[in-house]
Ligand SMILES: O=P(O)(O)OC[C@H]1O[C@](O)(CO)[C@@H](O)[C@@H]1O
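Next up: just one chain, as C-alpha cells, the form predicted on its own.
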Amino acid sequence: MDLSLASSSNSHFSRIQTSTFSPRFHKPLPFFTNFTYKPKTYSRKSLITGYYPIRAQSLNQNNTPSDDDDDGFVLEDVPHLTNYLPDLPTYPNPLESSQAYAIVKNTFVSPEDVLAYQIVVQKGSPRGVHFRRAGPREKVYFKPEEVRACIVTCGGLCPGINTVIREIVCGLNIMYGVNNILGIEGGYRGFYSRNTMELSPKIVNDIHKRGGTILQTSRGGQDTNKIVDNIQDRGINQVYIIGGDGTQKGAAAIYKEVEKRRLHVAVAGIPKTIDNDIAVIDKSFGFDTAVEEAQRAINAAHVEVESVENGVGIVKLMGFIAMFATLASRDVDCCLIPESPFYLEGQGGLFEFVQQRLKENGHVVIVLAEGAGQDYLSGSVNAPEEKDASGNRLLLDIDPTYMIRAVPSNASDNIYCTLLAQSAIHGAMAGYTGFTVGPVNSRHAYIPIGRVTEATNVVKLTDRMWARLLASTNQPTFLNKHE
C-alpha cells in the first residue's frame, strides 16, 4: 500500500495522472493501494505557505478511476525535511525502549492514519479534506544527543503558555533524551539580542502554576533573515514557536527561509490565542481557563448590581469568551458582540431593553465583547485604522478584561497543553517541519501553518450556538431598526 505525495508548479490539472515523488513532499509512506492522484487546484498563495492538498482516487480492476468511497479524498499534508534533504539518515525512535510506552499496544502512529476535517457528511458526498494524525513515528530524523532545541513565545499572554514550555522541555528530555534546550527571551526580538536561558526539567518544574510566560514576550520585531542567521549561529536544529496568528505567519516565513538554505532544522508551531479564533482546530489552549475566569468577573458584577437600585454591570471580554461565558453564567442579561450590530435608541434598541430589564429585575448585567459598539465611540467615524506591532487592529475604548489573561491554566487546559507540546515534539523528531499542531474533531493532527492563518474564526450568527445564547438570555437580536 503506497501513497506518494506530489505537487506541481502548475495551478491547473486537466487530467488524472500517476504521481511521482516531488521534493516538496516527504518520501512516499505506506498508505493506500492502487491510487492515482489528482492534485486539487490551488492558488499560488497555497504553495508559498506550505498548504499542499492532494486528491486521491482509487482504481478499479480495469485500472481506471472508480467512484467508490475513496473518491474525493484530499490530504492537506505538511512539509518534511526530506523534501529538500532527501538523503537524511533515520534512526530508531527512542520510545521503543521507553518505560512509559512499554505498556502501550501501538507505540507508534501508523503512516496511514489521517483525520477528517468534516465529521458530518452525507451519503455519496466526497470524502473531503484530511490531515495527518499527530503522534510518535517509528523512525526519527535526529539523534537525541545532537538536538539543540529552542522555544520562543510571542504575542499576548494566555493561560497555559508556561505549561506548554514545561511540557516541551520535559517531553524532549524524558521521552527522547534531549538535554540541550534554549529559551529565547522576549519573543522574536530575543533572536536579535541573543537573550537566552538554558531550560531543563528542573528549571521548568513548577512554572505551570504561574501565569504569563517565563520567557517573556513581545509583538512584532521579526526579521526572518536575522532570525535564521541566529538559528544557524547557535547550532539550533529544532524551533518551537508559541504564538497567535501573526506569530504563526512568522513561523511559516522562518520555515521557508530554512528550506531555502537547506538547513537540517525542524520548525514547529503551537497556535495560541486566548479568544479561540484560530481556524481548523477545535479550540485554542487557555480558552477553557479564560471562560472559567470570566465567570468570576460576571459573578462580581452580578453581586454589585443586585446590591443597588437599578444597578447596571458591564463586563468586557473577547468575542468567543463573551459568548461562552454568557452561556455558562446564566446571570447575564445581554451579550453584545461585533458580529451582531446593535442600535441604542428607539423601539427594539438597547436602551429600551435595558429599561425593561431594570423594571422587571431591578438590575442588569451586560457582557460586552472586544470590538463591539465601535460606531458609537467618539472619533471612530472616518478615523484611520491603526494597528499594533503584530498587525492587529487597535480598538477604541471597549477593550477586554485582561485579568483572564494572567491566570495559570486550569486542569483541563494543562492536559490539553501537554498533548499539544508532545505532538509538536513527535512531529519535529519525525522530520516534519513548517507545521502547527492542534485537535481536529478531538484528535491531534499536523496542519500546514498557512491553513490556520489564512482566516480568523468569528461568531456566526447563523449557527446554533448564537441561537442558544439568545434563548438563554432572552435578549433581542438588535437587528437594525430599518431592516
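Throughout, we count residues from 1 along the sequence that is shown. What you see is a predicted model, and the numbers here were worked out from it, not measured in a lab.
A second form of this protein, the form predicted together with the ligand, is not displayed here; the remarks below concern that form.
Discussion item. Considering non-hydrogen atoms and a 4.5 Å limit, which listed residue (V364, A325, I236, M318) is close to the ligand in the model of the complex?
Written reply: It is M318.
Worksheet entry | Option touching the ligand, based on a heavy atom within 4.5 Å in the model of the complex, out of E76, D333, D275, D413 | The option sitting close enough to the partner is D275.
Discussion item. The chain here is shown without the ligand. Which stretch in 299 to 307, 354 to 362, 102 to 110, 266 to 274 comes within 4.5 angstroms of it in the model of the complex, by heavy atom distance?
Written reply: Selected range: 266 to 274.
Discussion item. Whether K283, K460 and W466 jointly form a contact site for the ligand in the model of the complex is the question; each needs a heavy atom within 4.5 Å.
Written reply: Per the other structure, none of K283, K460 and W466 touch the ligand.
Worksheet item: Given that the partner is absent here, does Y376 sit within 4.5 Å of the ligand in the model of the complex, heavy atoms only?
Response: Output for Y376 is no: heavy atoms all beyond 4.5 Å of the ligand.
Worksheet item: Looking at the partner-bound form in the model of the complex, is E370 within 4.5 Å of the ligand by any heavy atom?
Response: Yes, E370 lies within 4.5 Å of the ligand in the model of the complex.
Worksheet item: Closest heavy atom of Y91 to the ligand in the model of the complex, within 4.5 Å or not?
Response: Outside the cut-off, so no.
Worksheet item: Heavy atoms within 4.5 Å of the ligand in the model of the complex: does R127 have any?
Response: No - in the model of the complex, heavy atoms of R127 and the ligand never come within 4.5 Å of each other.
Worksheet item: What are the residues of 402 to 416, in order along the chain, with a heavy atom within 4.5 Å of the ligand in the model of the complex?
Response: Result: Y402, R405.
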